[in-house]
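Okay, here we've got a single chain as structure tokens, the form predicted alone, with questions on binding and movement later.
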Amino acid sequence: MADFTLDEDQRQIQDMARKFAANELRPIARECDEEAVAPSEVLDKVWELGFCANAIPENYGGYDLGRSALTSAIMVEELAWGDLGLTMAALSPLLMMVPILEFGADEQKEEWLPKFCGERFFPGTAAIMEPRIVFDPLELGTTVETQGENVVISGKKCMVPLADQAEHILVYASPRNGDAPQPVKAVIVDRNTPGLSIGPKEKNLGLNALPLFPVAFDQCVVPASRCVGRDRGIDYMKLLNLSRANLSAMAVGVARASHEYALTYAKERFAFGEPIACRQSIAFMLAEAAMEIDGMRLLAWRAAWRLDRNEDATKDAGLAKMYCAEQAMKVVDYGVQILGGHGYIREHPVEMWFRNGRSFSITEGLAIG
């Protein structure tokens, strides 16, 4: 039976992340959304909290405090409550670090992990999503073909965080070696590799504070030694499950932000001599949102709990991702409805949370912890 009673370390991390989100992220969220930028000073501040270095062993320069998917879910919920785009930007180095930490060969760990233990933000990133109407992470169109001591990567990716800053991109691709399906490979590709091109910054409905870019690979030749895990490879499904658990927790944070704001507004907004929270239609939306947020959190935490126990969490992570994406959209929509006409204007942040909330139904692999 799962027990979600937080231990002392988890409570401290939750409290630290909550205060950071309230004091550092929430005050600048609107400005960053309007200007479509993730300030470097904010990325450095999150870096100083040690979310990357904490999980890295001491012999690679880290603090060796261990990794926990549940603790990560607790942390990212609080940070996403502050702002989703800034949170994804600040934690984007984990997209590259975690696969290397989990599955990298010893030589790869020695080469790459110390980079995530420096004093300044290290912009590592990963490319998983592809520009198709229906994207399935289990059927990647980007291919990797072995040619002697090298591999050749071809394909197109989209929504790659901080691709303009990262010197290296972890690319997920399907091997092309005959007709039989092969396990997905993760390959570290330098940004200056011939054939790699980064397009203009994407303009999306939401996640404006998260710099996202399309990246194309035209017969990019990379040493085979850059394949994470070498011949052993990676457990792609586990990485996908880790991302889905974190994305689900982030959805809880965004939904919570909208619900709390709408609840305060409904209590303070008077119409016909009483708070609009007393109106049955408003009260029902507020109550349903509160129930859904609790349910979302339990699903996200259950998936993370199974991952921490090294159990197969594919079903739990998939259900959590699907349910949290749907219910987050419902809750942020309620936020706009409860504020009425005020919900549609930028004077209030519920419209920003509405736009960010839509991202959970289409994003994959953007949050690994």
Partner chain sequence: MIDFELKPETKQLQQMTAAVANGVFRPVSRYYDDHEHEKVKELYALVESMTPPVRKETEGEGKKRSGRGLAQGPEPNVALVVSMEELAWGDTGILLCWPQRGLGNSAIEAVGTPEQKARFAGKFAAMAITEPGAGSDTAAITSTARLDPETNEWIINGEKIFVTSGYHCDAVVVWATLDKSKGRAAIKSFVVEKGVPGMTVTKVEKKLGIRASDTAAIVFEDCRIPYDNILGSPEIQNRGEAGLGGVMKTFDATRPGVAAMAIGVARAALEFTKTKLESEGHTFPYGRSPLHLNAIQKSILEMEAELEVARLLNLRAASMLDTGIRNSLEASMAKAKAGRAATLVTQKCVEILGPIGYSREHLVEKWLRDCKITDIFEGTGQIQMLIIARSILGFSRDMLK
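Remember, it's a predicted structure, so these values are computed and weren't measured experimentally. Residue numbers count along the first chain shown, from 1.
Although not depicted, the form predicted in complex with the partner chain is the subject of the following passage.
Shown without its partner, this chain lists Lys185, Lys157, Arg226, His259 as candidates; in the predicted complex, only His259 has a non-hydrogen atom within 4.5 angstroms of the partner chain. Contact annotation: of the candidates Val215, Ile74, Cys220, Ala173, the single residue with a non-hydrogen atom within 4.5 angstroms of the partner chain in the predicted complex is Ile74. With a 4.5 Å cutoff on heavy atoms, Ser40 does not count as touching the partner chain in the predicted complex; it lies far away. Using a 4.5 angstroms threshold between heavy atoms, Glu202 stays clear of the partner chain in the predicted complex. Heavy atoms of Glu326 reach within 4.5 Å of the partner chain in the predicted complex, making it an interface residue. Remark: Glu167 does not count among the residues lining the partner chain in the predicted complex, judged by a heavy atom distance of 4.5 Å or less. Segments offered: 120-128, 277-285, 92-100, 191-199. Contacting the partner chain in the predicted complex at heavy atom distances within 4.5 Å is 277-285.
Annotation for 294-328: interface residues with the partner chain in the predicted complex are Asp294, Gly295, Leu298, Leu299, Trp301, Arg302, Trp305, Arg309, Thr314, Lys315, Gly318, Leu319, Met322, Tyr323, Glu326, Gln327 [heavy atom within 4.5 Å].
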